[in-house]
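Below, in structure tokens: the form predicted on its own, a single chain.
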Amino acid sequence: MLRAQPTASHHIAGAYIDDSEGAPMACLYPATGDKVAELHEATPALIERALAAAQAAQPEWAATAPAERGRILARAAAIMRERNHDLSVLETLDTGKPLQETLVADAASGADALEYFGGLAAGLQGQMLRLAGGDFCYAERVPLGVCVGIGAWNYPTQIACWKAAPCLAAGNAMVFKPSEVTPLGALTLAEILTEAGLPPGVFNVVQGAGAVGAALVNDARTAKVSLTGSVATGHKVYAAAAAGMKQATMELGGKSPLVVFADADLEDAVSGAILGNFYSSGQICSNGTRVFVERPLRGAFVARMVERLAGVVMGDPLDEATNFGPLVSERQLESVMGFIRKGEAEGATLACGGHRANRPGWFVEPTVFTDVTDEMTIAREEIFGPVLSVLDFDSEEEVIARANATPYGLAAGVFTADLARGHRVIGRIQAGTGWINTYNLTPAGMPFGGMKLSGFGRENAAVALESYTQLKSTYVATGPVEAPF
């Protein structure tokens, strides 16, 4: 049986550490259900140790020359790229995603983030204003202090890097809690950062479920929390952060629209919908799961989609020929199957899929529903699985209104040969991240995040670096001080 047992469950102050008194956490391989590792949740003593280590290490790290901080992040990125294959195998064992995918989309994109923010570190700037009489004021960007990152289970290594890279580049320390479902990738990131020269205590990893996250968020030493997770979790975490007047970034779920006009290139539109519904077996927060297809193209679109999905290779995720893997857990499989049954019960038509695959592990067939209406559960709620809903539309105004008729606003996509219309439509859809004639591409230099219930703040790009700082203003007088008495 394959094993991915780490040296220990936690990484604190530059070293692996464990405490067997913590509740056991089994890491199961989604393709078979076999246990590949067992860890322990962080005890209160270990949580305290991690926060104390971060608090102790942060001032010296903040005083380190920004260019040197950047060099350490760049070295970590280089190490990740050198070890991409091994890191990708670990990610596949942790998440069940096909190795074909993890080789290009997980540790590789995490390395991109480390490299990108390493390059920005030395260029972080404030501002200066000249005033009358020779006086002036300046505002500098200073680190927040100790930050907490809370990750999701779908992209564990990438998310850890997306949060750690800007945080550390800005001179903060971080305590990161990965999802209890996928706990392994963040540990390897901590190990690599330490090898690259990061001082002990600047990046720490503790394992556990919601109670561990709550303890980190509620601690008085925490200056900011960055969460990637569900809307329900976001409500709880943001409320806790607000109670302590802590800064927050919330990257939450969505029910994103993908609009396909009749003049779109059919193959490109189908490819975009595949990327926005079936990559990672549909377990991506920004997925365009409400696929609005202009009525003249609807029949050809559905036929070609079903034809393309017949080419899915479902199998052992460690086989690079496999391009479609299992869901991350049995619980997630049961949730997705529940949504599929609701779709059928509410009158949607199954064009393909709709069943659990007849094989070991937590596989669900790629599923396409047609005749979907806006009020159906599958068109309103986030499924987080390989389920695509096709909705018809007749006009630009109609589809914009329907696309916006959701409490979410994470992402949106438009496929059309008319670029003026593409810009016009994406500009009117209420979403923080949009794509025209592609879908789900998230380079490190592009801000990523949502509106409405999908959260606030942005991952990636220079704006993320700024979000891990605060402005400190200083007025400088150059002449005598006058007073009325």
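Predicted, not measured: the structure shown is a model, and the values here were computed from it. Just count from 1 along the sequence shown to find any residue number.
Keep in mind that the form predicted together with a small molecule is missing from the display, and what follows is about it.
- With the partner omitted here, the residue from Glu180, Glu191, Asp219, Asp392 that has a non-hydrogen atom within 4.5 angstroms of the small molecule in the predicted bound form is Glu180.
- Of the candidates Ala345, Ala214, Met128, Ala300, Ala214 is the one whose heavy atoms come within 4.5 Å of the small molecule in the predicted bound form; the others do not.
- Contact annotation: the small molecule lies within 4.5 Å of heavy atoms from the stretch 224-232 in the predicted bound form, the single such stretch among 300-308, 99-107, 267-275, 224-232.
- Although the partner is absent here, Glu251 sits close enough that one of its heavy atoms falls within 4.5 Å of the small molecule in the predicted bound form.
- With a 4.5 Å cutoff on heavy atoms, Leu93 does not count as touching the small molecule in the predicted bound form; it lies far away.
- Using a 4.5 Å cutoff between non-hydrogen atoms, Phe384 counts as a contact of the small molecule in the predicted bound form.
- With a 4.5 Å cutoff on heavy atoms, Pro360 does not count as touching the small molecule in the predicted bound form; it lies far away.
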